[in-house]
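Shown below, as structure tokens, is a lone chain in the form predicted on its own; questions about how it binds or moves come after it.
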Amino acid sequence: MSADMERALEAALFAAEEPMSAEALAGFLRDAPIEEVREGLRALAAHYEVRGIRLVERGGRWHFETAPDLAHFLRRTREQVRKLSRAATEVLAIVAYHEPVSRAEIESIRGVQTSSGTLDVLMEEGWVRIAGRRESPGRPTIYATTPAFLDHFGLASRRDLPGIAELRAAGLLDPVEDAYDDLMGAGEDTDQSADRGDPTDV
């Protein structure tokens, strides 16, 4: 692969207003061979691995971002962290692991009703999107995560999501532990619905 390809990819990504896929870059570079584009992206990522900025792939799209260990130098003011509610955290985890998923399916896994406000909060954050409608009676709306979700949590793809054991250790699965155990084939009959408290989000 020529150095010109790497330079062209570098220039295209630097000027791009949003992350670009390898296919989009190939088209932008006058239908360059897709394998050469992918090879060039990997070479550039390796080149920037030790630099102040990194070339990273999130959800199949590439962009430059500040090296994680240098981000604190660029913060002029302390960011106000918006903490998700327990309900929103649970719903986000369910969408991430089971997408595309409908609200009824989310409620079935959680064992409680999910308010529309919970999904609205996640969509306002840009982490969840409407992914269409299920081809079933009533054609319910289905939800999925976004590239912004992957980017925020530093994931290249959903394959990098933490395992169920890690989430449980972090205390994120307590209200839906039984449902996840069933889905993962644990085979334990531990109906603890009575311990889940109020059957609606507050």
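Numbers for residues come from their place in the sequence shown, where the first is 1. Predicted model only: the values in this text are computed from it and were never measured.
This next part talks about the form predicted together with another copy of the chain, which is not shown.
In the model of the complex, no heavy atom of R134 sits within 4.5 Å of another copy of the chain. Contact check for R30: a non-hydrogen atom falls within 4.5 Å of another copy of the chain in the model of the complex. Taking the partner from the other structure, another copy of the chain in the model of the complex has a heavy atom within 4.5 Å of a heavy atom of L70. Although the partner is absent here, P140 lies well away from another copy of the chain in the model of the complex, with no heavy atom inside 4.5 Å. Heavy atoms closer than or equal to 4.5 Å to another copy of the chain in the model of the complex belong, across 137-158, to no residue whatsoever.
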